[in-house]
Structure formats: C-alpha cells, structure tokens
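Just the one chain here, laid out as structure tokens, in the form predicted on its own.
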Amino acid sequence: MTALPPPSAKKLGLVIDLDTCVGCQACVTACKGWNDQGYGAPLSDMDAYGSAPCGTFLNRVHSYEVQPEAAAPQIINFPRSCLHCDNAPCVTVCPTGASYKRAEDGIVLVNESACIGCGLCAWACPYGARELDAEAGVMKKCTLCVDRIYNDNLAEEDRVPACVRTCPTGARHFGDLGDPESAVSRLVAERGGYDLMPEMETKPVNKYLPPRKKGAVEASPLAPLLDVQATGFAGWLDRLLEKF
C-alpha cells in the first residue's frame, strides 16, 4: 500500500494590525457585500431599516476606549472573525462533520448541506466567530474568501480576501503563516504578533499586531479598558494589551 503524503504545512490566514485599524468598517462592508454574492444564499438581514435590525456578518469590528495614565483617551479598534485555528474546537464538537479544516491550506469551513444549525460550534468557539443565519438555518463564518483567493478569473491583486483588498489603511494582511519566510510571518516576528487568548490552546492561525506605544503610553500599560459598545470582548483585548 502506498503511504499517503503528509498534510500540507500551508496555513493561510490574516494578520491584523491594531495600530493602523481605524474602525472605518470598510472590511465589514466588503465582507458582507462579497459574501452576499459568492457565499451561496445571501447573508440574511432582518428588519434592516427598522428599530431592531439584525443580520449575519462574517466579520465585525468592535471599538474600545483606553485611558492610559497621564495621556488622552485612545480608541482601539478590534476586528473579529474566524481565526482558522489549528486545534479548532468548532470542528471537534460538530455532530455531523459539517465543520472541517482543510488539509491543503488550513482554512476552516462549513459544509452547509451537512449543517443542522444546532449551534454547538458557536458554543465551542471562544472567539464568538460563528453566526447562525436565521433565514438559512445554518451556521456561517469567515471563509477567507476561498472563492476569491483561488479564482483565476480575477486579477492577481484581487486574489485576497475582500476585507484585505478593501482596507484603506493596510491594517489587514493575508498570506501563508505556515511559511516562516512569508511576508506575513516576517511581519508577525518583527512586530510581536500575538495569538488571541492563547490559554484556550486553540492555536489560531490569524495573528494580531499590538498597538505601538506612543508618548506617555510607553510608561503606562494600556489599561483599564472601557468597553464602548458593551460587546463583552474587553477581556480579550485587555489580555492582548497587557503584554505590551
């Protein structure tokens, strides 16, 4: 019997620079727009122009106010989407195998035809990166725009996730984090890129670059945090910032 080749060490993912993200929501809009066209069924929106709008988003940006000592308040903008973890708990708990991680590039995806919308993956994900599409009745998440990055019909510069292509400040970077010599890996090494909530041992592929220290902030940790939008993610950012 011929031995199977070892799985690819390729790990496609994002590196997000918290120093240059301005919270403009361009990545959110681009993600929603592209995936409304390319995901299959459009991402749902309910009561979009009413008093209680809600819908399905694969990428969100939260904003937090930081008050360092002896310095003016600062706003830290925190993009959040699937981190395509090496040890993805959403894959482990899925009862139908609908959630899976691709061996060839490390992208975590959902087979919607096998998804029963039970929500176990959302319960297991410590990053809140899974969303139930109420209209479709299935779980949805960031796909790293697999329909863009391998699309030969697109110009080469467009074969990146929609959020990366759209970001006006260059805060989002895409590449192979399994290659230590890739541009994204070098960026992580140079800037001290950080795993979100490493204590969860999910080994996320996506990395965050910390805000650069400025003026009085260098002498004072960026804490405490005041959660502007009451999103519940302040604890994540607190752990991220306390190291720098």
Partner chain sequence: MHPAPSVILFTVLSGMGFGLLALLALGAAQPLGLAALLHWGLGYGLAVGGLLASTFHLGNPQRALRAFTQWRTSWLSREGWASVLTLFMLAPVALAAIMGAGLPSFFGATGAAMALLTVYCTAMIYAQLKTVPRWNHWITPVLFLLFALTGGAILTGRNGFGAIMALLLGAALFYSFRRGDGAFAERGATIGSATGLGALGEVRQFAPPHTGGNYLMNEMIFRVGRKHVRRLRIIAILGASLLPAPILVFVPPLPWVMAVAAVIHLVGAFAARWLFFAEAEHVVGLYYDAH
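Numbering follows the first chain given and starts at 1. Owing to the predicted nature of the structure, the values given are computational and were not obtained by experimental measurement.
Below: the form predicted together with the partner chain, not depicted.
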* Structure fact -> Residue within 4.5 Å of the partner chain in the predicted complex by heavy atom, from Cys167, Leu109, Val160, Cys94, is Cys94
* Asked: Out of Ala103, Val146, Ile75, Leu154, which one falls within 4.5 Å of the partner chain in the predicted complex, going by heavy atoms?
  -> Ile75
* With the partner left out of view, is Thr20 within 4.5 angstroms of the partner chain in the predicted complex by any non-hydrogen atom? -> no
* Looking at the partner-bound form in the predicted complex, is Gln37 within 4.5 Å of the partner chain by any heavy atom? -> no
* Asked: Should Cys125 be counted as a contact of the partner chain in the predicted complex, where contact means heavy atoms within 4.5 Å?
  -> yes
* Asked: Is the gap between Pro211 and the partner chain in the predicted complex 4.5 Å or less for some heavy atom pair?
  -> yes
* Counting only heavy atoms, which residues in 110-142 are within 4.5 Å of the partner chain in the predicted complex? -> Glu112, Ser113, Ala114, Cys115, Ile116, Gly117, Cys118, Gly119, Leu120, Ala122, Trp123, Ala124, Cys125, Pro126, Tyr127, Gly128, Arg130, Glu131, Leu132, Ala136, Gly137, Val138, Met139
